[in-house]
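In structure tokens, one chain follows: the form predicted on its own.
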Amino acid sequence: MEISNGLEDVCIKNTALTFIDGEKGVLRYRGYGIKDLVEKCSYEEVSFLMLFGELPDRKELAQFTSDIQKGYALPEFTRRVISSLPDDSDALSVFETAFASLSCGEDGFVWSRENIARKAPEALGRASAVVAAAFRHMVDKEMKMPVPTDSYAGSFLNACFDGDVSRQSVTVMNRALVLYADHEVPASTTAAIVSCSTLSDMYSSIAAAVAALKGPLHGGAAEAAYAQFEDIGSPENVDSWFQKNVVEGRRRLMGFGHRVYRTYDPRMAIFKSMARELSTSAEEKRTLEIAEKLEKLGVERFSPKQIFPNTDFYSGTAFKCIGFPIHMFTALFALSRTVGWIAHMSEYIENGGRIMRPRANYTGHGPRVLQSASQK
């Protein structure tokens, strides 16, 4: 058998959801360019688009938003599960555990158009509540459930923080959610599809996706990229840090390179502009200057190899300016990507997807004669 290590260049499904041109740096959801969606649409509108194929009219959007908001109130047993977890729990572990608990009572779930339309907005509401609860649990604050506002992003941020959340932060959070909503079939989406292909329920399959996302090779890039900026400390240190760690030390430059893109990730420039927009304090401006100087050195060294900054290079800077600590970055990614996971699972099932059952090429012993210790 021919082996594709990491399933590279193996297509596991047809999709009408997300188009990527890795050579030209193009990303579209359902035919719409990512820049237009970020500038003109709410996360709720993009979620509806991904799930149902078209942008909603006002009536459809109002009903879909209302259905999401009904999911904000977590069941009491899930709240107790989150509260019982260790204070130093990883945010993604909290997400995974909470969604596993939400699968209780879902054994009769059937993947149908009607059930998806009912359950998907509920799951999006639950995701907002779970990630906000995970954040407050980690900072030792009382859990707050999201309450309806004029936006999903605003309700989420209000559930995370005490006091007023700026309109600017809500706008940037909405854009970030749109940017991370989907990206075809990376490891976490593939894990979700494998799970749902057995006809497991939606919440269990999302938990499977989160389990895959927890691995640092998939979900930890934004955290690792921002950690580099902290390690460098000052713009004056960028050149020496790069020479010592990347040029001489063979250390990987985090936030650079992508399995699909051979040019700039189109999401990166948008995150960069948001980071610039939000960076107002001296510390934030210093971090941004470090990032921009590091980007320049990285592009000079790696662009001949078609390695460029990806979306995670600046996303952490934007999230940090909103007020999130570094260990929340990947959980924010998961919050956004929940709709992508659901949309791909729904598409796979509706297109008659079979249970995933790959094969392995056997390389072990031939037939052997068994002689146990008692026979010797």
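Numbers for residues come from their place in the sequence shown, where the first is 1. Computed from a predicted model, the values in this text were never measured in an experiment.
We do not show the form predicted together with a small molecule, though everything after this point is about it.
Quiz prompt | Options 160-168, 70-78, 144-152, 246-254; stretch whose heavy atom lies within 4.5 Å of the small molecule in the predicted bound form | solution = One stretch meets the cut-off, namely 246-254.
Quiz prompt | Residue contact check: residue 317 to the small molecule in the predicted bound form, 4.5 Å heavy atom | solution = Result no; residue 317 lies far from the small molecule in the predicted bound form.
Practice problem: Using the partner position in the predicted bound form, report whether residue 333 sits within 4.5 Å of the small molecule, counting heavy atoms only. | Solution: Looking in the predicted bound form, residue contacts with the small molecule include residue 333, since a heavy atom lies within 4.5 Å.
Quiz item: At the 4.5 Å heavy atom threshold, is residue 219 in contact with the small molecule in the predicted bound form?
Solution: Flag for residue 219 set to yes.
Quiz item: Would residue 307 count as touching the small molecule in the predicted bound form under a 4.5 Å heavy atom rule?
Solution: Residue 307 belongs to the contact set for the small molecule.
Quiz item: Here the chain is shown alone; which of 311, 346, 338, 65 has a heavy atom within 4.5 Å of the small molecule in the predicted bound form?
Solution: Checking each option against the small molecule in the predicted bound form, the one that comes within 4.5 Å is 311.
Quiz item: Which residue among 113, 285, 296, 259 has a heavy atom within 4.5 angstroms of the small molecule in the predicted bound form?
Solution: By the 4.5 Å criterion, the partner-contacting residue is 259.
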